[in-house]
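In structure tokens, one chain follows: the form predicted on its own.
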């Protein structure tokens, strides 16, 4: 399988990371978002990241220039219909995602592969409203933050996904130095299903907003558990609102099974607008 062009829908943290990684693989990347200012900010951020990496000797000037040439902003009017792959990386909302995929289905060629970076919604739920030919070329590709650095990508087979599609993407990602985990199409797949307890039990241990207790939990899990980041640090990095949304989605999908239940502290943080690093304050302060 050859991937020459990719459209990434969603220019938030994950979308921009995915776009950056694909551009570094000599793939032409279009980045789309409902907010054009967000796309501009994302591309500026990606270019600044490449400049820093070049200054550190990670990339040559020629490589950096090639990456920048490979990445461009787009809107719904100038999407290339013959793009090889579309990856959706927007809000964890089934209805909104379905609207986006149905709109894309009317634009893209029948050979274009559709994929979602969803961390919790079953792939079959996202594909079911599309024509059969499109459903057969629909899969989950779940990257991890930061996408240009994290090796793992979950490749998820939906009910209609062709086996050869899963095989082709597994081979392609492996050739491009990603570690592939082939997953069943179940809520949370592998990592986010297991991670609910990493976050949930930590929240239950702390129980209420207490910076010292949060630091203690983070330090214990890093020093004794071997994690690079503690759960509260990681929630701040991901975005507490995003983490809460994924937790709710997995919990609802498992019929409110207690082990996946959200914690009241998560909701309090979201309601207060303290969402992590992106708001300069979450479980910790970043000002």
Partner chain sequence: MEVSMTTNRNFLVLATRNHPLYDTLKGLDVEFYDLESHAPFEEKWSHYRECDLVLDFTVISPDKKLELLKHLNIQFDFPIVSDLTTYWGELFIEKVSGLRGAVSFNFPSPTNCYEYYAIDERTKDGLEDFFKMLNVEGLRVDCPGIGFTYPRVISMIINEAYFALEDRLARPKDIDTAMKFGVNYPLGPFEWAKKIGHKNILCLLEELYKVTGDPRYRPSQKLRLEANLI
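Predicted model, so just to flag it, every value in this text is computed and none were measured. Numbering follows the first chain given and starts at 1.
Omitted here: the form predicted together with the partner chain. The next part is about that form.
For the partner chain in the predicted complex, the listed stretch (50-58, 64-72, 22-30, 219-227) containing residues with heavy atoms inside 4.5 Å is 219-227. Of the heavy atoms in residue 79, none are within 4.5 Å of the partner chain in the predicted complex. Put simply, residue 162 is far from the partner chain in the predicted complex: not one heavy atom of it is within 4.5 Å. Although the partner is absent from this view, residue 40 stays clear of the partner chain in the predicted complex, with no non-hydrogen atom inside 4.5 angstroms.
The partner chain is not shown here, and in the predicted complex it never comes within 4.5 Å of any heavy atom of residue 111. Within 4.5 Å of the partner chain in the predicted complex, a heavy atom is found for all three of 181, 190 and 258.
Exactly one listed residue, out of 99, 201, 133, 175, brings a non-hydrogen atom to within 4.5 Å of the partner chain in the predicted complex: 201. The contact with the partner chain in the predicted complex, taken as any heavy atom within 4.5 Å, belongs to 151 out of 128, 151, 103, 208.
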